[in-house]
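What follows is one chain in structure tokens, specifically the form predicted on its own.
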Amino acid sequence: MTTLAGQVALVTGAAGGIGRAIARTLHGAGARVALADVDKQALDVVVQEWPDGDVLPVVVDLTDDDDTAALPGRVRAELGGLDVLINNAGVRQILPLLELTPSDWRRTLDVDLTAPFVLSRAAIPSMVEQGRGKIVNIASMAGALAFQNRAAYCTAKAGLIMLTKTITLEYAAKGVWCNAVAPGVVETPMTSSYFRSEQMAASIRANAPMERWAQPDEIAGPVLFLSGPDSDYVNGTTLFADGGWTAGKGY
């Protein structure tokens, strides 16, 4: 069983469906967890799940570079270190390219790609100094397969996969691991509209060889693996947790 006893993890987007599951799983493996999210009300609800006080809630707007860059240092100061960084927070718009405004585009890239860069840049020096640190980026199968009406999201997630590789090339020899998990369709509040449409649900079943979508805990498991010692010879890779969607067409 993977253990993170004595370690400190930072999870962004911790009040959302996947982030909440990741935080719960890392905490269950023994880590103290910093829960970062822009939504204070939702974050307050999540914190109630951990009455033992082993978590640190932090309200942060990841489009603010200064506040984002300060976050790893704050976690180190308040929890005594930072061993695992989970770049999970994400936003997306479902709009045709010509209806997607430059403002929409920039916000998506700011949250989904620039924030992981800023956070990683701020976290890596202390990881190098302590001789060990793990970064897990939550990408998407949309970073490998293009989907209509998601130009900014697909572009950001493709960039995040490449950021994962470049961090490994520069810092693997210095004790830093950087990997990504690329989910397929996961049932969360952000994707809830998918499951109200039988046509959409049928499409998901048709495209995923497992003929179903995922639950957040099924993403949290791979994240735990990449956060712990069992993955110590895995670096710079993207683990697709998509039910086989990206394996190819079955017809």
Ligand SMILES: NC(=O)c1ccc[n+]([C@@H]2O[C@H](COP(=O)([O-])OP(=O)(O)OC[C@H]3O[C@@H](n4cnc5c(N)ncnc54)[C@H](O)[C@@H]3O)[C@@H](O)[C@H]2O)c1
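Numbers follow the displayed sequence, beginning with 1. All figures in this text were calculated on a predicted structure; none of them were measured in a lab.
Note that the form predicted in complex with the ligand isn't included here; everything after this is about it.
Asks: Can you tell me which of 163 to 171, 74 to 82, 131 to 139, 98 to 106 lies within 4.5 Å of the ligand in the predicted complex, counting heavy atoms only?
Replies: Only one stretch qualifies here: 131 to 139.
Asks: Using heavy atoms only and a 4.5 Å cut-off, determine which of 118, 176, 152, 111 is in contact with the ligand in the predicted complex.
Replies: Only one option qualifies, and that one is 111.
Asks: Does the ligand come within 4.5 Å of a heavy atom in each of 18, 63 and 186 in the predicted complex?
Replies: Yes: each residue has a heavy atom within 4.5 Å of the partner.
Asks: Is there any non-hydrogen atom of residue 124 lying within 4.5 Å of the ligand in the predicted complex?
Replies: Answer no; every heavy atom of residue 124 is more than 4.5 Å from the ligand in the predicted complex.
Asks: Hey, in the predicted complex, is residue 39 touching the ligand, heavy atoms inside 4.5 Å?
Replies: Yes, residue 39 sits close enough to the ligand in the predicted complex that at least one of its heavy atoms falls within 4.5 Å.
Asks: Using 4.5 Å between non-hydrogen atoms, is residue 180 touching the ligand in the predicted complex?
Replies: Contact check for residue 180: no, nothing within 4.5 Å of the ligand in the predicted complex.
Asks: May I ask you to state whether residue 89 is within 4.5 Å of the ligand in the predicted complex, using heavy atom distances?
Replies: Flag for residue 89 set to yes.
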